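A lone chain, given as structure tokens: the form predicted alone.
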Amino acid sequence: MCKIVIPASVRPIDCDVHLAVPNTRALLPYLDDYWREHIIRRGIDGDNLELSAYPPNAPLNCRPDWRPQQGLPGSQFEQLRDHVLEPFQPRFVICNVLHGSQIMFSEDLSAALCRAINNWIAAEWLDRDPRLRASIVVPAHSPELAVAEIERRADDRRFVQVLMLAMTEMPLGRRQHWPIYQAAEHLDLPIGIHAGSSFRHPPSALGWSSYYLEDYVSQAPGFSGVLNSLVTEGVFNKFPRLKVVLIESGVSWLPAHFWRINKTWRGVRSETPWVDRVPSEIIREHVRLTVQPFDDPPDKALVQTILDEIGSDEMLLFSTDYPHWHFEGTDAIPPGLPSDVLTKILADNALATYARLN
């Protein structure tokens, strides 16, 4: 990949950096007395409740030069400073925590741990650098408790979006989730939908995967299903100011998705009269995608073709996806982008998406 130089006049906004809870014991100071005793008594404090099913040493989990000598990748502020804040000189960095608390069957325990994680983020990370922002981690399987956590954290404007997973118990467009979207829209919080599963169902439509390759490649169809659900169920009609950010979704699958959903909608649109224009127009207005991983073609001229087929230069947001491994050095930007599009991707699109960054 050829090297892209970020213009000196532009301070990028990194829309996907991963923080890792080092272990459950780190959350004990941020739990109330009942849940602290509960977790210790059950021995949960000895587990790290890691969400990822991937092997810890799988290359994509962490770039070799970003892997710490001890502890989990993304668990140390000093490394984030050295690997992201200093090299990229971002204006803001949006931190996302993926954790097992989001998928627990016990809604109360899930909510308690999500509260602790958000408290931990604020105290251990956001207070250490004014450029850091974060997503609110919520117990998405309980909309009532998720809304309570959103409202609890809403006064701290360093929290700039609500974090959910792409493949949950029910499709994300279903009305079960609408209270979350209503609260997010009211509080100027986009919904960040990150690659991942709550493992209530197989990540693949054909069943459970045997290998890392199967699971990883299945993420793109999972995001395609998310868009189908949000549009067809009428989420953006009900919440016209809502923005959704697909995080770590890839990008190059989107033109084919546009073609197919538009074509099918024309034949069956009487079934969903609230979808009152071609779905691609609705998606372009409400949905954004982070650029890592971009899955860019070997011919850099084709990058412009992908942008032309997407039909918008406002949908892509800069991200490093730290500490995951999708690019070398500081080459986080796909080659072949015109300078005016590059400026939008680096900062302008994020400012238009995240009201709390302004």
Partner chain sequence: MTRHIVATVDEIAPGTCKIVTVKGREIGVFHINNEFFALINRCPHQGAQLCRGALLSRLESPGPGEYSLTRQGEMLRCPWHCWEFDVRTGQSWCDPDSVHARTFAVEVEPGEKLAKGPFEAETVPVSVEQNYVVITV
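Positions refer to the first chain, counted from 1. This one's a predicted model, so the numbers in the text were calculated from it and none came from an experiment.
Just so it is clear, the following notes concern the form predicted in complex with the partner chain, a form of the same protein that is not shown.
- Among the residues Trp265, Phe92, Phe88, Trp125, the one placing a heavy atom within 4.5 Å of the partner chain in the predicted bound form is Trp265.
- Only one of Pro240, Pro130, Gly207, Pro273 comes within 4.5 Å of the partner chain in the predicted bound form through a heavy atom, and that residue is Pro273.
- In the predicted bound form, the partner chain sits within 4.5 Å of a heavy atom of Arg269.
- Using a 4.5 angstroms threshold between heavy atoms, His186 stays clear of the partner chain in the predicted bound form.
- For Arg152, no non-hydrogen atom is located within 4.5 Å of the partner chain in the predicted bound form, even though that partner is not displayed.
- In the predicted bound form, the partner chain lies farther than 4.5 Å from every heavy atom of Arg200.
- In short, of 107-115, 248-256, 220-228, 275-283 it is 275-283 that has heavy atoms within 4.5 Å of the partner chain in the predicted bound form.
- For the partner-free chain shown, just Glu233 of 203-233 comes within 4.5 angstroms of the partner chain in the predicted bound form, judged by any non-hydrogen atom.
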